[in-house]
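Just the one chain here, the form predicted alone, laid out as structure tokens.
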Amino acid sequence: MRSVATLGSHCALQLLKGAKDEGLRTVLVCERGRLGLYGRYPFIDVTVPVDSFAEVAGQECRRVLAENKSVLVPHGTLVAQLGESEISSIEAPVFGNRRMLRWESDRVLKEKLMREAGLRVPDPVASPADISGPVIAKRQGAAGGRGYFVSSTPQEYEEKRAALVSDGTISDGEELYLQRYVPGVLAYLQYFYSPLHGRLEFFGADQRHESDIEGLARIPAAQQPGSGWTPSFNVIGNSPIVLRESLLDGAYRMGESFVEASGRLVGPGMNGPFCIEGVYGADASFTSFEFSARIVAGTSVYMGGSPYYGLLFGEEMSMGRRIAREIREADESGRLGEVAF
């Protein structure tokens, strides 16, 4: 029997419960400090204890994944903790297109793909000296918002960067990506592309709650300059958001354009789950500042099933279960190589 494997972090519970609901075995690669948490859940068949998630590319994990005919489902922790060469060395089939994970982790490549897809993208700022209005400074890769900050002048940028280096949040030589700050309603648009059915599916949307930047908003404006700290955008949790129905057609068109562009630039293209992340402005136009080329943690707000997937499938369907269904159908039809490689 085929199994679904993932790292014990991010959205592992959703992924493995969805796999079990589809009749597949489940394998968890778990750091020893988290064994107690995941031991509470009965749908995990095999647990591989490790000292570091980097061991997923090591000999013992390779053996267990091979024995269980595992398909490894990547999520944000894999992207954040393993480099390109380590991800490439994983012998188990990886669900989706593992080449896309490099484009997600590189800000220049990420912007290139979004522009190729025709998405509206904030202008990049070449250097701190060019700051002449609100910009957001971002780290490379899947940092979960940790170490991000907003600045409006070169001096403010240098002061905030120095404070984050001093407290160890970022390293002294770390390169940050600067992007014009675009105000609006945050929306993280969740999709699934099925090469088996040749179909893009809109799964849902979420918003992210980001540590002390939200707390700062509750301080009266007159007191904010004296607060004395650089607020963080570290993601703490997510909540669902339902888009106006009139916006859905545009959301579908953005997703389809992204899939087409990824096929041109990062063959064989995007398959499986992905997320286009951005803001809706005053005229309800969408500006995309990020994408994630794999399942995002915000899909876990729909562990009981996405309302849009209820419309498509006529049953409760989480993103974890949707992934497992694609794996099962591909395996049964001899097409696994189209969805995991």
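This one's a predicted model, so the numbers in the text were calculated from it and none came from an experiment. Residue numbers run from 1 along the displayed sequence.
Although it is not shown, the form predicted together with another copy of the chain is what the next lines describe.
Residue Leu312 is the only one of Val50, Val64, Leu312, Ala57 with a heavy atom lying within 4.5 Å of another copy of the chain in the model of the complex. Shown without its partner, this chain lists Leu109, Ala261, Leu243, Ile87 as candidates; in the model of the complex, only Leu243 has a non-hydrogen atom within 4.5 angstroms of another copy of the chain. Interface residue remark: Leu196 is not counted as part of the site for another copy of the chain in the model of the complex, having no heavy atom within 4.5 Å. Another copy of the chain in the model of the complex is approached by Asp212, whose closest heavy atom lies within 4.5 angstroms of it. At the 4.5 Å threshold, heavy atoms of Pro220 reach another copy of the chain in the model of the complex. Another copy of the chain is not shown here, and in the model of the complex it never comes within 4.5 Å of any heavy atom of Val46.
Of the candidate stretches 145-153, 96-104, 113-121, 262-270, only 145-153 has residues with heavy atoms within 4.5 Å of another copy of the chain in the model of the complex.
Residues Leu243, Arg244, Glu245, Ser246, Leu247, Leu248, Asp249, Tyr252, Arg253, Glu256 of 243-274 are found to place at least one heavy atom within 4.5 Å of another copy of the chain in the model of the complex.
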